[in-house]
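One chain is shown next in structure tokens, namely the form predicted on its own.
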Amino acid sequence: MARSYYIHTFGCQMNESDSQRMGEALARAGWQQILAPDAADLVLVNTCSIREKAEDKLFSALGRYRLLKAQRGTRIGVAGCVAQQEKEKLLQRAPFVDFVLGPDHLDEVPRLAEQGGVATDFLDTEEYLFPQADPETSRGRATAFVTAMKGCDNVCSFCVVPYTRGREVSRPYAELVREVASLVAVGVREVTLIGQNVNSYSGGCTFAELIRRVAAVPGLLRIRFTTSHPMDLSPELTRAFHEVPQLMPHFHLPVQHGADSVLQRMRRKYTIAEYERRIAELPRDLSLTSDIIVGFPGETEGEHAQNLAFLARTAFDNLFSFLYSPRPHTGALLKLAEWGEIPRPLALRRLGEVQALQMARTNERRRARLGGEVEVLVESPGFGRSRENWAVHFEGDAAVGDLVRVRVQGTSLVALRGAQEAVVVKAPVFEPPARRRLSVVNA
């Protein structure tokens, strides 16, 4: 009888993709994926370490899975960025965990599941091979993540990613395009090119050239990418937004703060004027989203006021705003005493002001679409995403993979609501999958 596994994923799109690759490795070794942990022979927790709360969630989850180990001998593994960050120390804090592996060792999951141990060393750039996706696990889906590169060479003072994901390594473009073609062959209509700093891609061509090569894959309707660095927003990439029809008008470009003095402490290597000059060349109808850190060490009232002023004049479609979270191995943590920690009540007040400003704008932009139509790629019955990457719930009988027009009847901060008007492009019909499709739980 096949042994079963369950994957619990925290964090970003890279983690979701890594979970899928680990699931495929386990399937090749004879393991069977199940949708709940209670009956699993192996529970694998794939972790994020961008903020402290993610680590708290990990240990809370491990406390629940420890009971399964006591009751039925379930093996427990921890993967991802916290695993890379903590290494053997994780086993000291949670000795009931059987194995720990970092992001460079996804293909070792079957061996570690059997033998236990720790695999967290970084592979040399010349030796690193990107895990190959099994297209069968994406059969029946409209969208898929495709890894373009991993790691980051920008040592921002708030960010632990260079420590947990290593130096930048780009995937050869021919390999990447072949993977996209294999996904389209099983029905995928949209791909998202992912990497910690994806627009610094250098796998034999520029990132803009990569987008054009991917767009040439027959049958691919949509291309997205995430996450990007403002310094790598080239004129060539800007032109791609104007010239490549498959490239969706949504761009997530983290600015992190609206005051140059804070950006300098963050080691972001650009000014607000430079950021504004670059985004001014993007298409006017593009949906621009960003990240903002509030309460960064030493943030003054004046710097907070500059942040609010920048956000007020910049037409972000949405923001992901967070309180600063001290991360191990980062410059900001080392400078915390010198720069000064922002008291939590003050940081929360500032965060509330940032979020109130953006919520008003987001609501206004959504309401402006009332009565109009949006083009939606159907990801599940009655749900999909617009070209701008807005979530859309709709009434209609469109199939997964259909491209439909939806008349907008209601809006909220998180989604549009409407009724299907017409099918623009029908999804292709394929034979049923040879085995059950992998699913990943995201928390």
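Just count from 1 along the sequence shown to find any residue number. None of the values given here were measured: they were computed from a predicted structure.
Missing here is the form predicted together with ligand SAH; even so, the following discussion is about that form.
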Fill in: ligand SAH in the predicted bound form: contacting segment from 285-293, 133-141, 364-372, 239-247, heavy atom within 4.5 Å
285-293
Discussion item. Check R265 for me: does it contact ligand SAH in the predicted bound form (non-hydrogen atoms, 4.5 angstroms)?
Written reply: no
Discussion item. At 4.5 Å between heavy atoms, is G331 in contact with ligand SAH in the predicted bound form?
Written reply: no
Item to complete: May I ask you to check whether F158 falls inside a 4.5 Å heavy atom distance of ligand SAH in the predicted bound form?
Response: yes
Worksheet item: Is there a heavy atom of Y324 no more than 4.5 Å from a heavy atom of ligand SAH in the predicted bound form?
Response: yes
Worksheet item: Heavy atom within 4.5 Å of ligand SAH in the predicted bound form: which of N318, Q196, T74, S170?
Response: Q196
Discussion item. By the heavy atom within 4.5 Å rule, which residue out of T206, T120, S261, T227 makes contact with ligand SAH in the predicted bound form?
Written reply: T227
Fill in: Residues in 242-273 close to ligand SAH in the predicted bound form, defined by a heavy atom within 4.5 Å, in order
P254, Q256, R268
